[in-house]
Ligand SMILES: NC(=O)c1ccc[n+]([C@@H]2O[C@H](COP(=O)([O-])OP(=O)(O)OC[C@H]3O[C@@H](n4cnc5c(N)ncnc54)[C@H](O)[C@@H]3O)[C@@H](O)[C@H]2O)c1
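Consider the single chain below, provided in structure tokens and representing the form predicted on its own.
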Amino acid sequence: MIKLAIVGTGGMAHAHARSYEAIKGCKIVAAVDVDPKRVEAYAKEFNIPETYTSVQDLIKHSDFDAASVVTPDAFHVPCALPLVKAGKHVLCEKPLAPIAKEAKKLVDAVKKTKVINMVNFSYRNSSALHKIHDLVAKGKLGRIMHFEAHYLQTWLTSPVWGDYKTSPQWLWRLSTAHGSKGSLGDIGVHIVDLTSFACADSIKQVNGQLKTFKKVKGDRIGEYKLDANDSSFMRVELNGGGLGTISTTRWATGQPNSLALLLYGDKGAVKLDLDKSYNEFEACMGKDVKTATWKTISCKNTPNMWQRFIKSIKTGKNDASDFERGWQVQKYLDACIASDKAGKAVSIR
């Protein structure tokens, strides 16, 4: 039986608990949050026997094997690093860290302790995405020439997820002082991982632009200064030469949570729309290229990130996506921020 701890008990922590509950051979034994009332309520909801208000107390007093770190972004490294050093396996929410330099600390730490380490790039749960990656890696689309990808949300124009003006759950995501890197860090991290994974290639260069729009008078609500970027745009060049765009926004009216990718090679193309399906995509390949005919391809379900994490612990073989991948993706986001400040393209180092 793998004994788990949940560090951070906000909204996303509920998804972690429900996902672990559905997996045989693991049990949540402890929960951690700086807010005593919140962690007690969470523990009661999921029948978790132990609660703590610090990672240090968790490590000192609890008998557990692994942890999910589900805190706000700025606290991923401060929470995950002591867990790794204590020999605990860690599944960390994305982004792995606010900047690549901080993420590298975790990469170095897991190389020493050899614990299982994963970043919750949850859209890797799409079996269609994995199939596309395999097709590209096997050369079925030929050379990747062009791509267009986006991640669109509407919560700045619609209360479909709640009113951001009254909820700390959303307000911290709009404030750099509270650790947010805006839409780029929050949702850009997903679409950048998805796109580069689908392309089976790494990113060579980024030309990025970020924009923060005025939302309320004084650009402040209580303790939250609303200065994090709302929208991001990246012109990207792959190491293999392909060019494309990756964009994010929270102003996409009518789009609660939409991810899509168009990927074109010189021998074929694919369209992935996660609004429609996680297990299907459209393809124009082989003989269909001559007639520009698109066909729907269905894929079997793939294990989700929590299942991969537990299996990795049991087998000792680290599945994707590990901390090194989280560090790599963070370098792409850092390059976008640097490009926006410099007003020119930035190469990835």
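Small disclaimer: the values here were computed from a predicted structure and weren't measured. One rule holds for the numbers: they count along the sequence shown, beginning at 1.
There is also a form predicted together with this ligand; it is not shown, and the following applies to it.
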Checklist outcome for this item: Among 266 to 274, 242 to 250, 197 to 205, 92 to 100, the stretch whose residues bring a heavy atom within 4.5 Å of this ligand in the predicted bound form is 92 to 100
Checklist entry - Ok, His150, His190, Lys131, Lys88: which has a heavy atom sitting within 4.5 Å of this ligand in the predicted bound form? => result His190
Item to check | Selected contact from Val29, Cys299, Ala41, Val34, since only one has a non-hydrogen atom within 4.5 angstroms of this ligand in the predicted bound form | outcome: Val34
Next on the checklist: Would you classify Trp172 as touching this ligand in the predicted bound form, given a 4.5 Å non-hydrogen atom cut-off?
Outcome noted: yes
Item to check | is_contact(Ala5, this ligand) in the predicted bound form, heavy atom dist at most 4.5 Å | outcome: no
Next on the checklist: Test of understanding: in the predicted bound form, would Ser122 fall inside 4.5 Å of this ligand by heavy atoms?
Outcome noted: yes
Checklist entry - Within a 4.5 Å heavy atom cut-off, is Pro72 in contact with this ligand in the predicted bound form? => result yes
